[in-house]
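Here you get one chain, nothing else, as structure tokens; it is the form predicted alone.
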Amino acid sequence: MEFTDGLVLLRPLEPADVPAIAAACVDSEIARFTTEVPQPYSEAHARAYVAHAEREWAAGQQRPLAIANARSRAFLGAIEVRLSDPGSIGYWVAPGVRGQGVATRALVLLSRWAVTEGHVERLELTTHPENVASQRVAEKAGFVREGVLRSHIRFREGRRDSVLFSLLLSDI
């Protein structure tokens, strides 16, 4: 399963992505705003992540994908959709490609597929309250901000709030 808009390609994660995943995930912003990226991060973590992605594909309810350059297939980040009720989606991009529209393009590609072909009637996205860049990505991709979920997620420092966004078929 691959998706592209001609500039961004969403493709399965590959063992060849491990060095790029490891390099990206040592970034302090990824650590600051995600709950599932261990710190410190190593290539062993990246290998485990790629293996986990393969198992999730086989199980059928989650679709973890690499965000890549459409021409070179070079790894730029990761995105994952959970095909549940409600569905959920999350993403991160490497520091060197932030602010270039990569995350927005990837989010549009996968979220549209989830609500049109993946049978997800409501797709939710949550962000850290201080992650303004990710909130802008969600809004540019057509997600609607619904509010703040108080003490929503257990985080490294304890529980934290989340900003909730959603996308419905009627939003696109």
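Source: prediction; values computed, not measured. All residue numbers refer to positions in the sequence shown, first residue = 1.
Although it is not shown, the form predicted together with a small molecule is what the next lines describe.
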| property | result |
| --- | --- |
| Contact label in the model of the complex: residue 57 to the small molecule, heavy atom within 4.5 Å | no |
| In the model of the complex, residue 30 touching the small molecule (heavy atom, 4.5 Å) | yes |
| Interface membership of residue 75, the small molecule in the model of the complex, 4.5 Å heavy atom rule | no |
| The small molecule contact in the model of the complex: residue 137, any heavy atom under 4.5 Å | yes |
| Per-stretch contact check against the small molecule in the model of the complex, the hit in 124-132, 110-118, 40-48, 142-150 (non-hydrogen atom, 4.5 angstroms) | 124-132 |
| 4, 15 and 66 each touching the small molecule in the model of the complex (heavy atom, 4.5 Å) | no |
